[in-house]
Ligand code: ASC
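The chain below stands alone and is given as structure tokens, in the form predicted alone.
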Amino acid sequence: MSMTRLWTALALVAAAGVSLPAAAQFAKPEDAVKYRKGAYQVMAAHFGRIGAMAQGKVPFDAAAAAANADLVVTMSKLPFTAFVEGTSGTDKGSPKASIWTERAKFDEAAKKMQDEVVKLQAAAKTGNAEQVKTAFGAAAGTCKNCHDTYRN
């Protein structure tokens, strides 16, 4: 196979992968729910470690805060592809059906959270406990707002 054909084939595969709708990434709605819950669980664990420091429940550790913030930023990008129609419910913690009718607002709330955790990451890299506490509060507020609006 010539290099031109190889690059063309690779480009086609990449384009096909990018163009797939989010629902196509999951064989069943339950798969999307598992993925989403797993991403949130990991994100919450690392966010909670920073929160414990911000709230004075554990001593502030600048290196641990920075490492956890890095993971929170990475994890904050993952769950949103798994919000596909057919995955809402009425049980506690499940997404409300309004996500689908207010998708632009939901996506905006997700982006706001992602922006705030990037600010938390920057604060953590300073090693300043007060900056981390302030940034943690702002990030936590975005989580609460979205939960209050879009989560049962």
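No experiment lies behind these values; they were computed from the predicted model shown. Residue indices: 1-based, along the sequence shown.
If you look for the form predicted in complex with the named molecule, you will not find it shown, but the lines that follow are about it.
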Contact residue in the predicted bound form, from Phe83, Phe26, Phe47, Phe106 (heavy atom within 4.5 Å of the named molecule): Phe47
Spell out, yes or no, whether the shortest heavy atom distance between Ala140 and the named molecule in the predicted bound form is within 4.5 Å. yes
Tell me the stretch among 39 to 47, 84 to 92, 112 to 120, 63 to 71 that has any heavy atom within 4.5 angstroms of the named molecule in the predicted bound form. 39 to 47
Within 94 to 128, the residues that have a heavy atom no more than 4.5 Å from the named molecule in the predicted bound form: none
